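Only one chain comes next, encoded as structure tokens, the form predicted alone.
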């Protein structure tokens, strides 16, 4: 954002914060509200929609007798006193809102959960998401929002682009491996399975209970929009360019992502097991929400309802098989967004997130 308008974005410890959530009637917006209401440093929470004014308990009945906050139509004067704004909208909306905020001199810290700021390459927005970006000059200063990997960039950014859920589950899972075996990696094959909430609240035939119950559906191959996102971030963070084969499948589950990631190496890596596992153990110790299971493979039940990513690894000759699981609405979206805010504001990364109750005990 413009020089001289960054005071609110400066990183460093603070005691409390005022937040706005735009798009609270969607899955990710509702999850952020749930998390923030239990955040120990929240001073005030404002709820906004771009379409409908309502009470949150009317739009989301599970909040009845818990929250009676009003959802207001977004206006820029109402977010002018906010420290952070979470944008929980579909593609091609957030970039226009941010452009208007800047034009009006309203400059809170922005965490965008849509794809509107994920790419540094301006051409990708038109190519993949079919829109022309409203503020391309800002893209170089936007931080990608995986707290464990882009921490320093997040601290110094005015805008954080939350990652795609598949991208998050992949990049975190392979990061320790890349740190010790990058020169041997040939390519990646990602077999990803997701619950239906990853598609948002759309009334589409293949998302209905009658279709998906006791059923599975492959809905994207290498053309999935998270593939170019993964490719760009692999190059940006690790300086590597590798062939990626990807497939996404819907499973009869409300939430959760399980990725089976095959990594092919140029030579046998079975003798590197101790070095590779040490890298994963170290990364797990350094990052609370990264949980390494060794050779055991985690399941969806272990993460749904939490902000954890759980990872298991096995090696065989010149292959590694990695199983990575996250809750697509929390670590894959809203929990990661709050974690990014915690990093920016100098809070512990775990605040508001470490005691989220798992859905399955």
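Whichever C-alpha set is largest while still superposing within 1.5 Å between the two forms counts as the rigid core. Numbering follows the first chain given and starts at 1. Just so it is clear, the model here is predicted, and its values are computed rather than measured.
Separately, the form predicted in complex with a small molecule exists; it is not shown, and the next lines address it.
- With the partner omitted from this view, the residue of 91, 80, 186, 156 that lies near the small molecule in the model of the complex is 91 [heavy atom within 4.5 Å].
- Checked against the small molecule in the model of the complex, the candidates 114, 287, 175, 143 yield a single residue with a heavy atom inside 4.5 Å, and that residue is 114.
- Within 4.5 Å of some heavy atom of the small molecule in the model of the complex lies at least one heavy atom of residue 50.
- At a distance threshold of 4.5 angstroms between non-hydrogen atoms, residue 107 is out of contact with the small molecule in the model of the complex.
- Using a 4.5 angstroms limit between non-hydrogen atoms, residue 198 touches the small molecule in the model of the complex.
- Put simply, residue 329 is close to the small molecule in the model of the complex: some heavy atom of it is within 4.5 Å.
- Stretch-level contact analysis of 306-314, 35-43, 329-337, 290-298 against the small molecule in the model of the complex, using heavy atoms and a 4.5 Å limit, identifies 329-337.
- Comparing the forms between this form and the one not shown on their rigid core, the Cα displacement of residue 50 reaches 2 Å or more.
- Expansion of the residue 53-residue 94 CA spacing by 3 Å or more is recorded in the model of the complex, set against this form.
- The pair residue 76 and residue 329 is at least 3 angstroms closer at the CA level in the model of the complex than in the present model.
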